[in-house]
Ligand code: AMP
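Just one chain follows, in the form predicted alone, and it is written as C-alpha cells.
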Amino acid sequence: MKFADLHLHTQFSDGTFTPEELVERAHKLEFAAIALTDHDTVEGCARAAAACAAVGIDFIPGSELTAEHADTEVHIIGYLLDTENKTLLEKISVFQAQRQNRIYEMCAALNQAGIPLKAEAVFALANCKSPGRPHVARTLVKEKLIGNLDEAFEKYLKKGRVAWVPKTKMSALESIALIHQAGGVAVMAHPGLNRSDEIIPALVEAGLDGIECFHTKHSTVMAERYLMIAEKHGLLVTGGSDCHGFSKIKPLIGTVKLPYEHVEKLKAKAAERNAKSAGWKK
C-alpha cells in the first residue's frame, strides 16, 4: 500500500526541519505523498515541492489557518492551494503581522514578570514570518531563562499564565471561503483536540470539505468517531502526524500513515471545485 502524511511543519512556522530535511525523512519512511501545512504561511511550499519532485514523492501544498467559530478556536487546513493566489497571500500577511505583534506582547509580559527576554531574540531564533509560542519557549531555553520547553509553557505560556496572549483569529467561515477562492480544499484539523464537535454541522454548511480523522493525539476511539462524522456529513477523511521536528522532543513523522486513496479523493474534490469555478467565470 501507499501512504501519506498530510500534516507537517517546517522552520517556516514552528517546526525545526527545513523543507528538504522533512522530505528526506518522508523519503526514508517511503511515503508516497506529503503535505506541508505550516501555520499561516505557504513560504516553504516551493522548496518542499522541489525536494519531493527530486525523490518521487507526491507533494500537496497547504497551510494551517487559526480560526474560530462560536468562541471556539478551530484550525482549518487548506490543501492544494494556489500558493501564488493574491488574496490568500494578502490575508496571510495580515495573520503574520498579528503573530509578530503577539511576540512583542508576550515578551513585554515576561519582562514585567522579571524575565528579561527580548522580542528580537525570539525573532532571530524563529527566522520566519509566522512566529509563535514555541519560538518563545525555545528562546527561553536557549537564553537559560527556563529549564525546558514543557516548563516554559507550564510556567509562562499556557492559557492563564503570565505571558499568555490570545491569538487574533479570523472566523472559521471566512477561512473556508479563503481556502476555496485559492483553489483549495478546507479540512478541520485535529477535532479531538478542540473538543468542539457541536460546531461541525455549521462548518459543513459553510463548505467544509473534510475532517482530519487520524492524528497523533487522536485515540482509536476518537478516530472511529470522526470517521463516523465524516461519513454522516459526506466529508473527506485526512490524517497526519502534525510533526514539528524536534520542537516537541521527537519527530512525529511516520507515526500516522494515511492510505493514499484519501489523497486521490482530496485531489478529485479540488479538481471538481475548480472546474465549477472555471465554469462560473465564463
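The first residue of the sequence shown is number 1, and the count goes up from there. Keep in mind that this is a model prediction, so the values were computed, not measured.
Only in words, not in the display: the form predicted in complex with ligand AMP, which the text now covers.
key: The unique member of R102, K129, K91, H180 whose heavy atoms fall within 4.5 Å of ligand AMP in the predicted bound form   = For this set of options, the contacting one is R102.
query = Just one of D197, D150, E174, E84 has a heavy atom within 4.5 angstroms of ligand AMP in the predicted bound form, so which one?
reply = In short, D150.
request  = Specify the contacting stretch among 109-117, 202-210, 76-84, 133-141, defined as having any heavy atom within 4.5 Å of ligand AMP in the predicted bound form.
outcome  = Every other range fails; the passing one is 133-141.
ask   = Does the 4.5 Å heavy atom contact test between H39 and ligand AMP in the predicted bound form come out positive?
value = Contact with ligand AMP, yes.
ask   = Using 4.5 Å between non-hydrogen atoms, is H244 touching ligand AMP in the predicted bound form?
value = Heavy-atom contact with ligand AMP at 4.5 Å: present for H244.
ask   = in the predicted bound form, does K167 have a heavy atom within 4.5 Å of ligand AMP?
value = Taking the distances in the predicted bound form, the answer for K167 is yes, it comes within 4.5 Å of ligand AMP.
task = Output the sequence-ordered list of residues from 1-19 with at least one heavy atom within 4.5 Å of ligand AMP in the predicted bound form.
result = Heavy-atom contacts to ligand AMP in the predicted bound form: only D14.
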